[in-house]
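Shown below, as structure tokens, is a lone chain in the form predicted on its own; questions about how it binds or moves come after it.
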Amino acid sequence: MKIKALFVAAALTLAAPFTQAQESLSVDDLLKLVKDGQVQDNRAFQERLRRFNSSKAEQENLVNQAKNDRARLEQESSNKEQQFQDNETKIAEAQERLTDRMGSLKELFGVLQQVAGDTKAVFQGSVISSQMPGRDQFLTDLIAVAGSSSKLPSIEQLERLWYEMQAEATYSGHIAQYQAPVVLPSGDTVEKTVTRIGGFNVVSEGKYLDWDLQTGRLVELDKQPGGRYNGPAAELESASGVALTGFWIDPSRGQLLKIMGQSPELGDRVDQGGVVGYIIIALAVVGILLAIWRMLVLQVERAKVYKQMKSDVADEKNSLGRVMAVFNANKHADTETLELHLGEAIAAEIPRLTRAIGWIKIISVVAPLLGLLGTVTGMIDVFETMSLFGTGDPKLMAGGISQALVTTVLGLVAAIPCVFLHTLAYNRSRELMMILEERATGILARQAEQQSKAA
């Protein structure tokens, strides 16, 4: 009713200007219009009500159909679940019957699976696989079959397992040459002729190769073990027929070769000594060069002195000749004066004969002290590392320990030859000085004897 009153009010409001504009439209006409509109609204309402009732029946039919579908599906699900449980029971019974029928065969297949797995690991790590790749695929299939509950290994598979194991043992005793891809240290892969020595090593062009398990390829070692080991490898490759040649076999199948490649060379060890190590080496070189120089000079001087000892003519190109020249210049002096002149001449020759020998001795003493200094500084580094990082990782302390040991070794290596060469040079110079003193004493003795006879 409220809606109807509002509709009448709105009609009156809208009709007011129209009434003013159409003065001929009376109130009865307006009432008739309102009545006609009410009739039309009732008709529209009845139409909507009819459509609603019709749709309601259709929706009820759909709901009933959905309920029927749900009931059908629930019944079907129940049937499936029952069927699933029945199948589970049948499978369990079948498994139990299979277990009873297999008996000891099940244990046998377990052992077969383990043996096949061990053999596969051996094949993958064997260098023989570089000559015959793909051998492990058969073992992979056999392991899958032996571990399956629905399949059984065949007699042919069991016989082939025995055959492959026997073939591995046979090839391990043979030396073979064949073509195989080789990965070079530069990363390039080239086809090369390689020589396999049993199941231990593979060489090519005098270089050892490593069998990489990850990539399944032969890889040339970045660092070869050295000429002592590579030389026989080249001889083995070039050998023919029944010729016998020596060869270094790595029984660890390449692991020892890798360890040898990681060991530092002489240059690396010297570098571990640090600055102190290089100073010791420089001093050792200087000391050895000084010793060689003095040994050559004294050897030449010794030859000249021995030649002078056989002649009465003074040659001032050697030390004895210069002493004899002093005697000739003071031949008429008294014994005391001549002794002073000869002593002066010998004293003048001593620096020439002992030149630089003292430096060799100093180096022989300083070198071990520098080695001790390097030991102390290296241990200081070790203790600093221990205070910062603890003792959990020995590799962090290896640098300081290496410096300590290497500098000690370098100090001893420098000192030992310097001491030896200093002794040789000193004895050689001492020999020449003894000759000069002996000759001077003889000259004085003869001079005193002549003067005694003249008096």
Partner chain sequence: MFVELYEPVYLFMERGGDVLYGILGLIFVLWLLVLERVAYFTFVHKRSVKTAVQEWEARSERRSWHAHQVRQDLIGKLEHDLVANMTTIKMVIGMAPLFGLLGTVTGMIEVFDVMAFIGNGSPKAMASGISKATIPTMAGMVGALTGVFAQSLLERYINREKIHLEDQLTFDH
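Positions refer to the first chain, counted from 1. What we label the rigid core is the largest C-alpha set whose atoms superpose within 1.5 Å from one form to the other. Just so it is clear, the model here is predicted, and its values are computed rather than measured.
The protein also exists as the form predicted together with the partner chain; that form is not presented, and the subsequent description refers to it.
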query	finding
Listed residue (332, 90, 317, 228) with a non-hydrogen atom within 4.5 angstroms of the partner chain in the model of the complex	228
Contact assignment for the partner chain in the model of the complex, among 339, 168, 349, 237, heavy atom within 4.5 Å	339
Interface stretch in the model of the complex with the partner chain - options 136-144, 257-265, 76-84, 196-204, non-hydrogen atom within 4.5 Å	257-265
4.5 angstroms heavy atom contact with the partner chain in the model of the complex for residue 427	yes
Contact label in the model of the complex: residue 34 to the partner chain, heavy atom within 4.5 Å	no
Contact label in the model of the complex: residue 405 to the partner chain, heavy atom within 4.5 Å	yes
4.5 Å heavy atom contact, residue 327 to the partner chain in the model of the complex	yes
Partner contacts for 432-454, taking the partner chain in the model of the complex and a 4.5 Å heavy atom cut-off	434, 438, 439, 441, 442, 443, 445, 446, 448, 449
Cα displacement of residue 202 between the shown form and the other one reaching 2 Å, rigid core superposed	no
Per-residue C-alpha change between the shown form and the other one, residue 306, threshold 2 Å, rigid core fit	yes
Rigid core superposed: residue 334 CA moves 2 Å or more between the shown form and the other one	yes
